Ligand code: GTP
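The chain below stands alone, shown as structure tokens; this is the form predicted alone.
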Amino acid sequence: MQALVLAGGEGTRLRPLTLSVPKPVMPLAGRPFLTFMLDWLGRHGVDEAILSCGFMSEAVERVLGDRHGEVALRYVVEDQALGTAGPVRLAADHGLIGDRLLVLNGDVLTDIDLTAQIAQHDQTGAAATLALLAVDDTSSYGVVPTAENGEVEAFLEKSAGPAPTDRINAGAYVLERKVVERIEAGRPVSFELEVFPAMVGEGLYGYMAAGYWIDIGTPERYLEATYDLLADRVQSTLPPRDETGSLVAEGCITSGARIGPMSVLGHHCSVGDRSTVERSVLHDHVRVGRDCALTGAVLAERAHLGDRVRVEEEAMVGAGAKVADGARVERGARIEPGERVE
């Protein structure tokens, strides 16, 4: 079973974190994000994953290599942004795709049942089967009304006004080769705006999925996904957490500090005496001085806080940034990589 993961986005909503590391391998709960997706695919029989990359593609390949567990990894690089369907055609033109393919949005953390989705796809004889999820607020997603037998009746991408259904596109597709061949080569093509709307009535089905699902593409959802992983709300292979529900990697120095609840410290971080880290994420090699307070914040690799620094909710400090003694990083602030805050 093959899968293609759409991992070419720049992650602009997660800047400054994604200015120094591409979103597909940005640390989530101490691990490169895509490793959670590759574990999920492996549990459902995928033995080869094609990663469609664009922005900082070399860094993605350097981090993930040519294999993750039982899943062999191959790469296809977009020289220009090709939308959501264009990369699939590009991979086909490179001779990488067989008769059937799973296509996954590369910024989703989920444990929905792909095996059941594939089984329904076989049962209906579909050309394409889309995973659908019911949500309370559909305004940020494409909605997909279906008939009782699962056949898609319309594909409405982020349309204005009341939605005809609460079922949204979950970004997980089973596609037959004939669908790939419908995608025009050599230009950006959208599944949501072009391919799927044109397939209504031509073998396009929806699979009503259940389980955990979140798009990690914003700071708020990145932190929410972190907390959910720490609380085991989504299936994963994370190591055990401490009594505060926090995950502290090897090589960290935290004596005299209070870590938790629900925090992540990457490798070789140091947190000074009488400092507190609550519901916050520190990537590798972060240094926090004495008498600091971090609440609901994210510090990228090698960020350095002086003494008596306050970092408030949803603030993000970029890689290698330095915050001087006594400074306050206000709620929602964005500190660029390498920036000095006096």
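The numbering used is simple: start at 1 and walk along the sequence shown. Values in this document were obtained by computation on a predicted structure and should not be read as measured data.
There is also a form predicted in complex with this ligand; it is not shown, and the following applies to it.
**Q** Name the single residue among E78, E202, D166, E157 that comes within 4.5 Å of this ligand in the predicted bound form, judging by heavy atoms.
**A** Selected option: E78.
**Q** So if I measure heavy atom distances to this ligand in the predicted bound form, which of the stretches 137-145, 116-124, 81-89, 67-75 falls within 4.5 Å?
**A** Of the stretches listed, the one contacting the partner is 81-89.
**Q** At 4.5 Å between heavy atoms, is S52 in contact with this ligand in the predicted bound form?
**A** Yes, S52 sits close enough to this ligand in the predicted bound form that at least one of its heavy atoms falls within 4.5 Å.
**Q** Although this ligand is absent from this view, report whether N105 comes within 4.5 Å of it in the predicted bound form, heavy atoms only.
**A** Heavy-atom contact with this ligand at 4.5 Å: present for N105.
**Q** Verify the contact flag for G9: yes if a non-hydrogen atom of it lies within 4.5 Å of a non-hydrogen atom of this ligand in the predicted bound form, no if not.
**A** G9 belongs to the contact set for this ligand.
**Q** If we define contact as a non-hydrogen atom of the residue within 4.5 angstroms of the partner, is R328 a contact of this ligand in the predicted bound form?
**A** Residue-level check for R328: no, no contact with this ligand.
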